[in-house]
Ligand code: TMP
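Read the single chain below, which is given as structure tokens and is the form predicted alone.
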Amino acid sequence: MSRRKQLYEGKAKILFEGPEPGTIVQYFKDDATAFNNKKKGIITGKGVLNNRISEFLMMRLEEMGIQTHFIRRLNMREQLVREVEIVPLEVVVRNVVAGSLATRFGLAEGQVLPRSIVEYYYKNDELGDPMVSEEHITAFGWADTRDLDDIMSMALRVNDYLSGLFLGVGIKLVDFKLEFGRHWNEHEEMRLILADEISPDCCRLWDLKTNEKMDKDRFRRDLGNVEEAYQEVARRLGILPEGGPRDLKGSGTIQ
């Protein structure tokens, strides 16, 4: 089989040219980074688990009427997605004080916010993904006011749904990061859709009873049992890979 053309490699995923025009193959790596790539490591089997978790969550959101880039899972580490033009923003939804929110404002971690807060960060690793306002976004042409209205509406809908879904399996959705992309249909009509992934890599997930962290903070803070935490999220969602978390070594699915 001929080798697929690699389009992009990020910190957690590799993108390859898809089998049909307008499609991309998204490959999930085991690589882990934190603090703007200053800390690096490997979380064994992370790519397998994130592929399955993101597939599950994207499909549930599609059922709720939120259009995503997800088409189907191809194998243990790859999924087929729609090609989009990524909006250069990280959209962070916060329900509970944690991470940089606690640091910036001197707040106690774990404090429930009076309402969900949506923040925007400019996607630029060299600049450290700085926080930006709507004024920055519209002035620099990253998105217009209509785009931002759509992004805000979708982000809050995603938050409402995922908060309830995780609550049902004993997990508190503390905060999470979303990315959006511009997708053109066959009539050349553009629509903003949910892109990237939704997984413990980009969500803070705490056990509802104990507040034990079940996400990448275990890697960031050297808490240990990182793989087990990701597996537990998948187990509670009922989506552990076939036969358990295997395929732990290989990048053999890349062609």
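What you see is a predicted model; the values in this text were computed from it and never measured. The numbering used is simple: start at 1 and walk along the sequence shown.
The next section is about a form of this same protein that is not shown, the form predicted in complex with the ligand.
Chemist: Using a 4.5 angstroms cut-off on non-hydrogen atoms, would residue 202 count as touching the ligand in the predicted bound form?
Modeler: Contact check for residue 202: yes, within 4.5 Å of the ligand in the predicted bound form.
Chemist: Tell me, yes or no, whether residue 92 is in contact with the ligand in the predicted bound form, where a contact means a heavy atom of each within 4.5 Å.
Modeler: Residue 92: yes, in contact with the ligand in the predicted bound form.
Chemist: Hey, in the predicted bound form, is residue 121 touching the ligand, heavy atoms inside 4.5 Å?
Modeler: Contact with the ligand, yes.
Chemist: Are any of the heavy atoms in residue 100 no more than 4.5 Å from a heavy atom of the ligand in the predicted bound form?
Modeler: Because a heavy atom of residue 100 falls inside 4.5 Å of the ligand in the predicted bound form, the answer is yes.
Chemist: Though the ligand is not shown, can you say which of 78, 83, 129, 147 has a heavy atom within 4.5 Å of it in the predicted bound form?
Modeler: Among 78, 83, 129, 147, a heavy atom within 4.5 Å of the ligand in the predicted bound form occurs only for 129.
Chemist: Can you work out which of 177, 172, 182, 157 has a heavy atom no more than 4.5 Å from the ligand in the predicted bound form?
Modeler: Partner contact (heavy atom, 4.5 Å) among the options: 177.
Chemist: Any idea which of 121 to 129, 138 to 146, 68 to 76, 157 to 165 reaches within 4.5 Å of the ligand in the predicted bound form, heavy atoms considered?
Modeler: The contacting stretch is 121 to 129.
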